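Take a look at this one chain, the form predicted alone, written out in structure tokens.
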Amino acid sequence: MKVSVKVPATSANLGPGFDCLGFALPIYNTITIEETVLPGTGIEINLISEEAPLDEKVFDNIPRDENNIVYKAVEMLYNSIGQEPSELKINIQSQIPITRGLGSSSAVIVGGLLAANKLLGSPADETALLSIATEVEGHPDNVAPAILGGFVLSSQDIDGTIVYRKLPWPQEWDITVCIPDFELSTNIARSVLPENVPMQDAIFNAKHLAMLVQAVYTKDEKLMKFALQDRLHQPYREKLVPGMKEIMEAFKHEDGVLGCVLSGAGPTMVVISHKYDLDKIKSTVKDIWEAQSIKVDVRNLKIEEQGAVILE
């Protein structure tokens, strides 16, 4: 028996929502898990990138054994019900660019978990799957929208339970995803963040996150433009993303542009707009990055309201 799961990309943080906000995007990874019948075949992990040759070198560094994060997630699910994984063949078909801040690791973790859960007869409910995925990934901001779809506010309780709410993203607000052709690992992006931040910066982000949630619910564009500011992660990561400051400045005072933020740990940038020339966004971003010999893939997308789907 084999099961395939299609999982959307995700963009986390959205400025002030560090480690607690994320939305799903219509770029997908498909993970297929098959229980093989031949004993002693062990684990077989195959990676197929539709982004090649862009991600070819990155794929070479992905483990093909028990150290692969998909297998780790699957093993954790099996162990949670007192079982060990059988001989497994895992195929990962990737459309989501790797190490670009678009939740590629969350997508494969979620896909592996949902596929394994189906193989096991669905012993884990949504709450358990969210908890396991978060334990493997480290935080729920990407895995929650990957499983649930849409725009999600999430946190983790002391007992490990994921607390979340889906927020009603205004469909008239456009999302432009700008994906540069260089990598930025989450570990490196995390390493530049300070262990402690000034109280005033923590208060700043708390205020802006609250304003952001209100702006989304009320479709208040003026408030949204004010809310999309951050002091906890973007100022520190700016030095790791050439052109980031220039791109953010270029849209800062443009009518119709609600904001420009780093997607997850970066280096992808996300521009949120309404009734703005989307071609102008493309040309502006391309001009800034190409001046630094950086190629960029710019996509105008809508939020994917459907999360991970088990394919028949």
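Computed from a predicted structure; not experimentally measured. Residue positions are given as counts along the sequence shown, with the first one as 1.
One more form of this protein exists, namely the form predicted together with a small molecule; it is left out here, but the text below deals with it.
Looking at 92-100, 132-140, 163-171, 203-211, the stretch with residues near the small molecule in the model of the complex, meaning non-hydrogen atoms within 4.5 angstroms, turns out to be 132-140. Heavy atoms of every residue among 19, 190 and 237 are located within 4.5 Å of the small molecule in the model of the complex.
At a distance threshold of 4.5 angstroms between non-hydrogen atoms, residue 261 is out of contact with the small molecule in the model of the complex. Mapping the unseen interface onto this chain, residue 80 falls outside it, with no heavy atom inside 4.5 Å of the small molecule in the model of the complex. Although the partner is absent from this view, residue 265 contacts the small molecule in the model of the complex, with a non-hydrogen atom inside 4.5 angstroms. Within 4.5 Å of any heavy atom of the small molecule in the model of the complex lies no heavy atom of residue 24.
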